[in-house]
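A single chain, nothing else alongside it, follows as structure tokens in the form predicted alone.
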């Protein structure tokens, strides 16, 4: 039998360092100062990061929507919108950091961030294999809750996913270990505190919105330690919300049930660990009409970041089609940003306008090519719809169909 004592020793030392890091993180979670109160701020600073590929294009359209809806408070100085450059693949590779230090410092001077998609290199790409900017930003700013709504009125579907952002299989995704040439090991993390806060947020949303039901999604029958902890914490949190119905599902059957026309509409709020949330929300967005239609919120107690859920689509830029990229996902993210900072009426009207433009009227079709509308034209369509005095009537008429 071959002895691998040195390889095992190196792997154990690496694992020990990770455990120390995570135990310190648990202590930091216990010492959290609590939620920011936007109403108490003299000025709310919104940072806009264009990102890579089509990101700068669709981000600019979403920024334009924000500038129109927040025009009064921008003019008084209550709202400031800042451009944050440097979160590009070229700059990140030059610095060999997921987020360069100067960019991170700028991000931390904002309260909320509207971020275009960024490129994450994979094996075989021409770029070095640096960490995802998204994963790093969620960690650095402690954006623990990824919130993704999906609505399909004609199917009576109204889902909100609460995906844990800072733990699970992604937390140490770039810190696995190649023990030997033949054995690689990655790590999955779950803490009581991290599980508790995302599950509480899901139950609070179900109560506050009247959705009244939470489904907890794990694979706790097989992944017994981390998924088992997540489910156990959910059982304890549920006791604090006797007015909210809840159930639990395994991730494999849940992916099927979202496609079940008899069951899909019964789901309301879903809360799940990081990897499962990533997969299930892309499936849900595809059911809605494609990943280009879905926005995403990444929420922490001090910072929040809002983004599209799709990638940077570098091929569209290379082929000269970036101006035809669909901005609806970024505009949806802008609506979620508005709601988060307290502009609930503006967010509500923007959501209604998006449903009219994307699902009901569809006067302009964005195809990603010259046979469809440009992103700028679509943003104008949305803004015209938002400003229509008959917006409520138009929306109600379509809802009754």
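Residue numbers count along the first chain shown, from 1. This one's a predicted model, so the numbers in the text were calculated from it and none came from an experiment.
One more form of this protein, predicted together with 3-isopropylmalic acid, exists but is not displayed; see below.
Among 92, 138, 268, 197, the residue placing a heavy atom within 4.5 Å of 3-isopropylmalic acid in the predicted bound form is 138.
Scanning 215, 191, 329, 134 against 3-isopropylmalic acid in the predicted bound form with a 4.5 Å heavy atom cut-off leaves one residue, 134. Looking at 175-183, 224-232, 162-170, 243-251, the stretch with residues near 3-isopropylmalic acid in the predicted bound form, meaning non-hydrogen atoms within 4.5 angstroms, turns out to be 162-170. Against 3-isopropylmalic acid in the predicted bound form, the set 120, 148 and 278 is in full contact: each member has a heavy atom within 4.5 Å. The partner is not shown here, but in the predicted bound form the stretch 299-315 reaches within 4.5 angstroms of 3-isopropylmalic acid through a heavy atom at 307, 309.
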